[in-house]
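One chain comes next, on its own, written out as structure tokens in the form predicted alone.
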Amino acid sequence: MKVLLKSAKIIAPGNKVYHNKKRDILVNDGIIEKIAASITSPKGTSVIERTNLHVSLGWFDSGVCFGEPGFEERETIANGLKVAAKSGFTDILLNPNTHPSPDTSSAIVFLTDKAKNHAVNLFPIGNMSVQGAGENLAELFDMKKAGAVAFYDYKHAITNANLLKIALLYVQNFDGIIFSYPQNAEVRGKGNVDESEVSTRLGLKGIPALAEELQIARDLFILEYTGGKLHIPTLSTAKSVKLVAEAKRKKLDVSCSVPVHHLVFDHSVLEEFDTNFKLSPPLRGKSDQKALIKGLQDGTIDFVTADHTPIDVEQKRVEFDNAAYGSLGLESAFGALNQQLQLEACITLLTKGRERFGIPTPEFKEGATAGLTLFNPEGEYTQTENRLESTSKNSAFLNHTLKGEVYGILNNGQLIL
């Protein structure tokens, strides 16, 4: 398959040859064959021309959920990958939020087999413990050999400090990485939103910032003792950012991410009891939000994640206390991030992170394998259910104005528009 992108403005920060240049790009059988000011279309070529066409290296997300196996009513792998493609993502890490959860090599193989021949590359995360129960280590080495890129008891805090210690020591034998969800279960208690004036006024049980910060402080102490690689997903408080910054100054091998929702919304949106804003970690206050954005800008926070979590309507259209946690994120990630940051910073964040998980990073040059995202950074639209291609519709961004448009991706020799 031959594809010619016409008059595409290349956004490739760090690439002195092509960054901010408008070029034609010819891709032949998945390889970037030519990049030039003007290319005559060869016979049999699909020519792609779009309004204000921009192109960057393919976007990456360090943690999304679908549902299959076990929760196909939320999202299947096939449709989830289609959603990711149309949202501009060429590579995703899949959280172990399924039933049964992936704690064996055969479960990892099931996921990788399901994702074969798709335009989007899926990299599974395996459970750190058996069934994600936090008691005994799962088959980490076998899962790594089968294709798992990291290990995580999805959104369950590792309450057993010794288990985390053993895991961090063990994975050093094969360059593995452990995720630790930053929320102390005992301090959290039965809370479900940020502990603040808002939660008190609304009569909702609060989760103090201490729950997150205490867990992070403990995990970083253990990392300092053991060595190894630790990833802390979904930070939400200002002090959490400071704790990670201090650990990085000590040269600890730690990375972290922030959900895109937390860069756009704060806990004031809870006033309407909209369960699409019931998230884990909870939305915090304005000062936390500013600290998260600053942490991204100064490099303390490594990645932005869509934290894409499809939830079926039966678990969202209930009382707030009884609703499930989570929001869709893939389809709104670019439009939301593009509002908060300058375009170059936005694309830098969307394209970074693969190397942390041992995933090859695509290159922008002739002869390289094409892993590209096509988009228009200008214009605004309102997110509606009709625009969402996810099976579930639980988006915190519904009726919210977003900036920019994703046209699709060119990856694995496939053009998805």
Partner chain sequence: MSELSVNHLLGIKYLNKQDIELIFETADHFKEVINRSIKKVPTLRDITIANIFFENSTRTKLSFELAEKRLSADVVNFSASQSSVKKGETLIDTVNNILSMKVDMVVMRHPNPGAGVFLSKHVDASIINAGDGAHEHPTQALLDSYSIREKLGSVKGKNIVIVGDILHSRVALSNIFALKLQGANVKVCGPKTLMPKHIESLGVQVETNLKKALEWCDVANMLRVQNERMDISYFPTTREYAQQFGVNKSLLESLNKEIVIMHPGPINRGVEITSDVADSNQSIILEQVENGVAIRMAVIYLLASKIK
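Numbering follows the first chain given and starts at 1. On a predicted model such as this, the values are computed, not experimentally measured, just so you know.
Note that the form predicted in complex with the partner chain isn't included here; everything after this is about it.
- In plain terms, the part of the chain that comes close to the partner chain in the predicted bound form, with a heavy atom within 4.5 Å, is 320-328 out of 90-98, 75-83, 320-328, 336-344.
- The partner is absent here; in the predicted bound form, the one residue of Ser287, Asn117, Asn173, Thr200 having a heavy atom within 4.5 Å of the partner chain is Thr200.
- The partner is absent here, but in the predicted bound form a heavy atom of Glu195, alone among Asp266, Glu213, Glu195, Glu139, sits within 4.5 Å of the partner chain.
- Annotation: in the predicted bound form, residues Lys165, Tyr225 and Ala247 none come within 4.5 Å of the partner chain through any heavy atom.
- The closest heavy atom approach of Glu272 to the partner chain in the predicted bound form falls within 4.5 Å.
- Using a 4.5 angstroms threshold between heavy atoms, Leu220 stays clear of the partner chain in the predicted bound form.
- Taking non-hydrogen atoms only, Leu296 never approaches the partner chain to within 4.5 angstroms in the predicted bound form.
- Taking non-hydrogen atoms only, Ala291 never approaches the partner chain to within 4.5 angstroms in the predicted bound form.
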